[in-house]
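Given as structure tokens, the chain that follows is alone and in the form predicted on its own.
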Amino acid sequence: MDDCLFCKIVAGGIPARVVAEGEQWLAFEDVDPKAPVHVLVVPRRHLADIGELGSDPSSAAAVVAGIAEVASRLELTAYRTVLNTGAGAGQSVFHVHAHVLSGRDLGWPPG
């Protein structure tokens, strides 16, 4: 999608600090981190939200594999993964993305 920020990052048109990547996914540092470690994992294919991701098992599996690769590369022993769906839940870029957060106490409940 021409106007999608994350599609532009995936295509290399906008620079990002890439942490890891696979054939179907890309992981990069969030520009507005909410924890000492805050990495976004996105499918290379444009899917707006988790509902669309759920209809594409290959991309869904790729995102989960990307999360695992990020955790392994960064040697994370405790981390939280968040997928926001819809503006009311905090989604601001409508290209599905998983937040991988770590590096501080992530109490419960969130929010």
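Quantities reported herein were computed from a predicted structural model and do not represent experimental measurements. From 1 onward, residues are counted along the sequence shown.
Same protein, other form: the form predicted in complex with a small molecule, not shown, and the subject of what follows.
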item: Proximity of residue 102 to the small molecule in the predicted bound form, heavy atoms at 4.5 Å; value: no
item: Partner contact for residue 32 in the predicted bound form: the small molecule, 4.5 angstroms, heavy atom; value: yes
item: The small molecule contact at residue 12 in the predicted bound form, heavy atom, 4.5 Å; value: no
item: The small molecule contact in the predicted bound form: residue 18, any heavy atom under 4.5 Å; value: no
item: Non-hydrogen atom within 4.5 angstroms of the small molecule in the predicted bound form for each of 25, 54 and 67; value: no
